[in-house]
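Next up is one chain by itself, shown in structure tokens, the form predicted alone.
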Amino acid sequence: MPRLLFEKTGDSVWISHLDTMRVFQRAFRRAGLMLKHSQGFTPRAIVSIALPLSVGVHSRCELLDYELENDAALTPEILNDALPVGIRVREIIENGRKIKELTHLRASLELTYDRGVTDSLLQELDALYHGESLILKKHSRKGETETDILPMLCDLQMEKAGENALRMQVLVCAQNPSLNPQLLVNAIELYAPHLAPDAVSIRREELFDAEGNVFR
């Protein structure tokens, strides 16, 4: 199935997952491209986005699968002319890999501290993320469960990003199970509230398969 690689930045991060799919459906129509629809009493456009993105999170690596009614030529520019500011198609993939082969994602988190970032703050956060366990409540279709998120945190690097900012680069499990990077911030608020940041910015950077190859 053909696939789009797109980014979501700026004010567009406040568009929900379902509304993002509607945005793309409208963009296809505006570009004169007809999406295939499912059969039955309530036909639906064949379009889906892997790994729904939380509202407020930036991303450079969103994947959207689609099917067209015909073999019309499609380029990033054709769709970008019909998309709102902040949502941009980066690449067209003719035959995307099976989504089940997507296993990990890399994300960056920037934590802002009005009081400044100190060495002791870095050391305490490092100890928090390298403990024996980190139990948090996770919400899913089956309800709320308590889960140790550390086994899903595959790699974490921290560094100062200025006098008042801390940058974290993380590699987390993307599916079965998955770890939303926001939970790393939730862990600070729960277990070390005195280290809670004054502001947080999260961005998905890249997707990978089990062998560490970039996933498309």
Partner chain sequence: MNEKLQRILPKVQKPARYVGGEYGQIVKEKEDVRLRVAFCFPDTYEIGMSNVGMRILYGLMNEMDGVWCERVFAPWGDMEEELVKAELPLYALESGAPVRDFDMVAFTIGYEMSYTNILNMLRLAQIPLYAKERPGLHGIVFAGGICTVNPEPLADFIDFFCVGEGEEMAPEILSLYDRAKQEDWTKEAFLREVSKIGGVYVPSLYEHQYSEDGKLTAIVPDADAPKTVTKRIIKDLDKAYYPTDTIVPSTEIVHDRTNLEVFRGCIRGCRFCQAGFCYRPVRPRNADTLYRQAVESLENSGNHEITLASLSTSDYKQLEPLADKLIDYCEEKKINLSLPSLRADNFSRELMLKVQRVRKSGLTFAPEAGTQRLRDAINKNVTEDEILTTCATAFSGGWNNVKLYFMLGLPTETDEDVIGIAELVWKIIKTWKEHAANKKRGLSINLATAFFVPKPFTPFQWEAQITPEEYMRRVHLLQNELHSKAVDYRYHGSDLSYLEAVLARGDRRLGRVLARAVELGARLDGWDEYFNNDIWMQAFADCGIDPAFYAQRAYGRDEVLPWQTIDVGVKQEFLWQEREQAYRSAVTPDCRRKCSACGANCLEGGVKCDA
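Positions refer to the first chain, counted from 1. Since this is a predicted model, take the numbers as computed values, not measurements.
This protein has a second form, the form predicted together with the partner chain, left out of what is shown; the following refers to that one.
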*Does each of E69, V85 and T112 have at least one heavy atom within 4.5 Å of the partner chain in the predicted bound form?*
yes
*Out of the stretches listed (145 to 153, 37 to 45, 185 to 193, 171 to 179), which one is close to the partner chain in the predicted bound form, meaning heavy atoms within 4.5 Å?*
37 to 45
*Contact label in the predicted bound form: V55 to the partner chain, heavy atom within 4.5 Å*: yes
*Is D81 close to the partner chain in the predicted bound form, meaning a heavy atom pair under 4.5 Å apart or at it?*
yes
*For R29, is any heavy atom within 4.5 Å of the partner chain in the predicted bound form, or not?*
yes
_Even though the partner isn't displayed, in the predicted bound form is E206 close enough to the partner chain, meaning a heavy atom within 4.5 Å?_
no
*asked:* Do any residues of 177 to 216 have a non-hydrogen atom within 4.5 angstroms of the partner chain in the predicted bound form? If so, which ones, in sequence order?
replied: D198, A199
